[in-house]
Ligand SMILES: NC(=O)c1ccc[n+]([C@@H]2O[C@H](COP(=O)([O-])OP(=O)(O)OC[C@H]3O[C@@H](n4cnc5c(N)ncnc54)[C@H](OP(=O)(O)O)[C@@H]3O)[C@@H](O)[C@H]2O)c1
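Below you will find one chain, with nothing else, as structure tokens; this is the form predicted alone, and questions on how it binds or moves follow later.
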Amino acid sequence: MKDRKLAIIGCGNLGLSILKGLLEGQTMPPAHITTTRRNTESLAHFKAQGVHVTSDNVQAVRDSDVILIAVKPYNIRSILEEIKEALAPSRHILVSAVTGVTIREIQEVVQGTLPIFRVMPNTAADVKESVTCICQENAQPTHVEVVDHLFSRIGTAIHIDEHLMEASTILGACGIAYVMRFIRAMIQGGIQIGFDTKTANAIVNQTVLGAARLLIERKAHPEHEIDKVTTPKGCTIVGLNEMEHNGFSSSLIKGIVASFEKIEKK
């Protein structure tokens, strides 16, 4: 990947998170990355690091090998129309991180046999802890290797069928917000039982990190780890039961399904 050049078209929140993760992970030299945005002033500090910053999407494509589009869904067609003449199947890999836009819809605009990937990372790419779901069309093994390498450097890359991309958006990308709301609630509870904000933050953040690490490294089911800290008549089971009586799991599941139904209607 260090020998290839990357263009991030539409460097908004998600694009910025990916850019920061790539720079921190030293995945490629900053001079091999081009970022585009209508207002480039907010990207000035990246320019100072050696990243090419421009508002010219076509030139960014011409100067790059991997084209990552990270714009709003309503903007992607106009962006594709703008850059399609500069796209070369023999050179370019087109990667879309745009929610709800299928590979077929992209192909209808760009035509040809261009290798096209859909990816759904999340903003934890900023700290190299994203989960990125990937699917592709017209891709050779070398193309897959390049895209896998790119996104594995900012977290974990998982290949899925395209019909699951909307579901992956809800669970992986929207999921960041769900987890943040859970963490905020835990911190608020910690403050109510006596901790100052700073201490509650520290305890809760590390607890959540530790819980995730247990599941990842031990490949355990959550209930297995829950059983270890729930003793008969203990305070943990009392708290868990109170949460369930008030719909904790049910409300979370309903929220996930509601978000999925919203994205499916687009």
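Since the model is a prediction, treat every value here as computed from it, not as a measurement. Residue numbers here begin at 1 and follow the sequence given.
Below, we refer to the form predicted together with this ligand, which is not included among the displayed structures.
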item: Interface membership of residue 250, this ligand in the model of the complex, 4.5 Å heavy atom rule; value: no
item: Residue 156, heavy atom within 4.5 angstroms of this ligand in the model of the complex; value: no
item: Contact flag, residue 22 vs this ligand in the model of the complex, heavy atom cut 4.5 Å; value: no
item: Any non-hydrogen atom of residue 198 within 4.5 angstroms of this ligand in the model of the complex; value: no
item: This ligand: the contacting residue among 93, 173, 134, 125 in the model of the complex [heavy atom, 4.5 Å]; value: 173
item: Answer option from 107, 138, 152, 99, heavy atom within 4.5 Å of this ligand in the model of the complex; value: 99
item: Option from 84-92, 185-193, 142-150, 115-123 whose residues, in the model of the complex, bring a heavy atom within 4.5 Å of this ligand; value: 115-123
item: In the model of the complex: members of 66-96 within 4.5 Å of this ligand, any heavy atom; value: 70, 71, 72, 73, 75, 79
